[in-house]
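Next up is one chain by itself, shown in structure tokens, the form predicted on its own.
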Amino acid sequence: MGHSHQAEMLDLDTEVLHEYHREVITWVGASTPDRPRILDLGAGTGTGSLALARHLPDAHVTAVDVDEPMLEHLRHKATTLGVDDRIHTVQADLDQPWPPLGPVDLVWASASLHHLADPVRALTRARDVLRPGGAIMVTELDSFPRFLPDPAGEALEERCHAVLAERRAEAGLHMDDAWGARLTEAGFTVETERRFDIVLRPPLPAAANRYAHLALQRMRHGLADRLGAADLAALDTITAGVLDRDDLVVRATRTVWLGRRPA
């Protein structure tokens, strides 16, 4: 998938799963002091940075990502929303030595740590930029969302997700890491772990159809050399018609850990 589709998927995740995102942002907002300085690691299109800046009107956010086009997308949205004076972007590879980023009161890492070659090293650096007593919020997903409600569709999605999990493991992605243990290893005290089992049933907004369409396209692209011909053909047929369906069900799981640097 190209950059524009990837950026759109990230934005649609926030739009479609808005109740989950609002709950997490409200929760983390209650864990920050007045006028917090926030570090968003692997910010992507800035859905977390923007939500935090809007929810906490006295917050200042530093958004870090390796992808400059994503940061440009973030800056454009920040300007549109009128929060560009409180969001600063930094292009950096978090697996390399970090530029000066602290001190901060909150580190936000949403679905980003699994991409890193050495997440514990990154978490240790995050601890070092936090003020004593500062908080870290880590969000990770067990897998990407599922959408198909019929038994044949569900079975096809399960087969596709199983193959994707194999491919992610081969690529060294840390999707199944024990993040509570990783936080402890990096010197944090884990205060809370919350699992969100998200199920959105019809009627759904049109954004959910577009979200499903992009997700299925991404799946098809990633599995072109792994799935059998029959499954690829079925996936093509489903993807072609998913924008017009009114029976989709969005199913997703997210787990959130709140940790703290000891005072």
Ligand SMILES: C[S@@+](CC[C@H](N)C(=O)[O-])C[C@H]1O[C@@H](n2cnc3c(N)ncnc32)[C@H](O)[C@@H]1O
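Remember, it's a predicted structure, so these values are computed and weren't measured experimentally. Each residue number is its position in the shown sequence, starting from 1.
A second form of this protein, the form predicted in complex with the named molecule, is not displayed here; the remarks below concern that form.
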Checklist entry - Out of the stretches listed (119 to 127, 187 to 195, 156 to 164, 92 to 100), which one is close to the named molecule in the predicted bound form, meaning heavy atoms within 4.5 Å? => result 92 to 100
Checklist entry - Within 4.5 Å of the named molecule in the predicted bound form, do A43, D65 and S112 each have at least one heavy atom? => result yes
Checklist outcome for this item: Residue within 4.5 Å of the named molecule in the predicted bound form by heavy atom, from L39, M70, I238, L56, is M70
Checklist entry - Is T47 one of the residues lying within 4.5 Å of the named molecule in the predicted bound form, judged by heavy atom distances? => result yes
Item to check | Residue contact check: L10 to the named molecule in the predicted bound form, 4.5 Å heavy atom | outcome: yes
Item to check | Heavy atom within 4.5 Å of the named molecule in the predicted bound form - qualifying residues of 151 to 177 | outcome: none
